[in-house]
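One chain follows as structure tokens, the form predicted alone.
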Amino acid sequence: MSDRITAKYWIETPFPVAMAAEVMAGEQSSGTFTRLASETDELRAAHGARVERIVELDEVAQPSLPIRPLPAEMRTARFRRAEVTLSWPIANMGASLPNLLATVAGNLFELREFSGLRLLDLTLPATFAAAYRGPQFGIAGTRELVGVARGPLIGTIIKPSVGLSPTQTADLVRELVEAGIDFIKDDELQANGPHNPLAERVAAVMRVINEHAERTGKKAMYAFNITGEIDEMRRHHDTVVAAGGTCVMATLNAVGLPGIAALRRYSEVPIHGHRAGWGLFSRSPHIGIDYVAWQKLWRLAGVDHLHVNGLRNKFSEPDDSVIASARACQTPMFAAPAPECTVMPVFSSAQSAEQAADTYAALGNADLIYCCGGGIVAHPGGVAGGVASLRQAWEAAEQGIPLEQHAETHTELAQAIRAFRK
């Protein structure tokens, strides 16, 4: 494997594509707006970014993003699009995720030569796998903790997102665990607010989960949202573990790569990675970062689960993007003997029994957490009916039985189809 870092971009520029690519390479390595005396040929050869590949695509008449006025001789220029691959020697930044991000997704988004620029993918040397711990539990470890050997983990999110007290949260959890739920998570908006302090919530919720586990042998996994300052996250992690909790959650874009890497160094339980704020990077096709590249950073930092949205979701993301994201989470990053670093994708956002068959068919496996809020709580048969309907829908999907046919002999599934079909 090469010891160079490579990054693939989509670009749009009114300038010759090869020239624009060289501007990118120079800006993100040894160059600036003019050649310096100290920027010797030897230095450029050792530390300059290289343009490895250019694939020209289409062109358009107008810029996709605002751009500075062009010189008079270029006012009628067309805006060329291309895929450009750059590479850097790892000596430029070492195996450092924060400095990697500054290199591959730094000032280049602001360069005046571009009316569109998006990071599509990253390929990293195994040095990064040696420097970072990566996921501690991943798919297999999460399954073992929850006691679910096959099929999806059926999960839900505590709603209302804010406003419940610790006691009210625990009351809802009691209903969920009695219905046989596998996984429950805090909403990303509920961390350690004055109305529901994390320590009190942990005590109330884990009392319910532990008592149910002692009585039935099934212990649901609850992802407590410990998003906060680094020292605060450590205290809250310790509170969760001391109470018998088996998962913590952090909002990735709020905590940052160093925060997740620090949490991973001492975490004794899986880290559930929430991608709140993802639309800032992804919603425009003309700027930002593709999920395929973005998720690699967080996997290396140490998360075990990553949100990928869901089919026919309530947001703007199309279904093919959701599936591509989930597949990326399950795809090894490095060749053996380096660890494969795969994580469990989390499907959520307006999910119900309705999307199970299509999700399974598109992804090709059930190594996922399937989180449904309204799909469980708003089920006509109550929480128990909602959980049952999801298990029945996934059973049908894995056995290749049409959903409506399976519903003929499964009441909860039939109720879900009537209630949630759009």
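Keep in mind the model is a prediction, meaning the values are calculated, not measured. Numbers follow the displayed sequence, beginning with 1.
Note that the form predicted together with another copy of the chain isn't included here; everything after this is about it.
For the candidate set 85, 330, 169, 92, a heavy atom within 4.5 Å of another copy of the chain in the predicted complex is found for exactly one residue, namely 92. Between another copy of the chain and the residues 342, 246, 251, 239, the one pair within 4.5 Å by heavy atoms in the predicted complex involves 251. The stretch that touches another copy of the chain in the predicted complex, counting heavy atoms within 4.5 Å, is 311 to 319, out of 311 to 319, 70 to 78, 134 to 142, 175 to 183. Another copy of the chain is not drawn, but in the predicted complex it has no heavy atom within 4.5 Å of residue 151.
With a 4.5 Å cutoff on heavy atoms, residue 214 does not count as touching another copy of the chain in the predicted complex; it lies far away. Under a 4.5 angstroms non-hydrogen atom cutoff, another copy of the chain in the predicted complex has residue 227 among its neighbouring residues. In the predicted complex, another copy of the chain sits beyond 4.5 Å of every heavy atom of residue 364. Using a 4.5 Å cut-off on any heavy atom, the residues of 279 to 313 that reach another copy of the chain in the predicted complex are, in sequence order, 279, 280, 281, 283, 284, 285, 287, 288, 289, 309, 313.
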